[in-house]
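Below sits a lone chain in structure tokens, taken as the form predicted on its own.
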């Protein structure tokens, strides 16, 4: 698993990365009440806003962690945003991104460096 400084996690399977927000991010946001996911087939560049999560505290953009095409979205989190908070790195995943450059995945942070970033 890899992480971004914007608190997204990615799990790679072949050339498709499953993407979600980290437990740290869900704790900072509080109870999530709304999720907007990208359209399947849409293409994103690294750093562009691919999704939005809204909590009782604030709305937060979820950035595309790498360049790629959306190949699946988790409709379960749209109907029940609390799944993200209860299992952020499992059933709370947001979308699956077919990476334009699989090699770019290796440049993202590993768990140790992400935990140093968050102080956990």
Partner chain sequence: MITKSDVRAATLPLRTPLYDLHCERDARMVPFAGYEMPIQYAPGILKEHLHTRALAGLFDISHMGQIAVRSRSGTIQSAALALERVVPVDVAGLMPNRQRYAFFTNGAGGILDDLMIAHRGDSLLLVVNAACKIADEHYLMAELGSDCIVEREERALIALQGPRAESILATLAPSCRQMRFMDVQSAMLLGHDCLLMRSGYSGEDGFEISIPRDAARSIVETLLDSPDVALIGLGARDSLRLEAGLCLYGADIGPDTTPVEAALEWAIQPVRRTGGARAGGFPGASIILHQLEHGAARRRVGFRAEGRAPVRAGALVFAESDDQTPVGAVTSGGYGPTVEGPIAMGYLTTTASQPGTRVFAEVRGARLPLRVTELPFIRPRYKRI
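Positions refer to the first chain, counted from 1. Values in this document were obtained by computation on a predicted structure and should not be read as measured data.
There is another form of this protein, the form predicted in complex with the partner chain, and it is not shown here; the text below is about that form.
Asker: Which of these residues, 28, 48, 86, 42, gets a heavy atom within 4.5 Å of the partner chain in the predicted complex?
Answerer: For this set of options, the contacting one is 28.
Asker: I'd like to know if residue 91 sits close to the partner chain in the predicted complex, meaning any non-hydrogen atom pair within 4.5 angstroms.
Answerer: Although the partner chain is absent here, residue 91 would stay clear of it in the predicted complex, with no heavy atoms inside 4.5 Å.
Asker: State yes or no: in the predicted complex, is some non-hydrogen atom of residue 71 no more than 4.5 angstroms from a non-hydrogen atom of the partner chain?
Answerer: Because no heavy atom of residue 71 falls inside 4.5 Å of the partner chain in the predicted complex, the answer is no.
Asker: Can you work out whether residue 62 and the partner chain are in contact in the predicted complex, taking contact to mean some heavy atom pair no more than 4.5 Å apart?
Answerer: Judged by the heavy-atom cut-off of 4.5 Å, residue 62 is in contact with the partner chain in the predicted complex.
Asker: Give a yes or no for residue 66: in the predicted complex, does one of its heavy atoms lie within 4.5 Å of a heavy atom belonging to the partner chain?
Answerer: No.
Asker: Could you list the residues in 24-57 that come within 4.5 Å of the partner chain in the predicted complex, counting only heavy atoms and keeping sequence order?
Answerer: Counting only heavy atoms within 4.5 Å of the partner chain in the predicted complex, the contacting residues of 24-57 are 25, 27, 28, 29, 31, 33, 34, 36, 52, 53, 54, 55, 56, 57.
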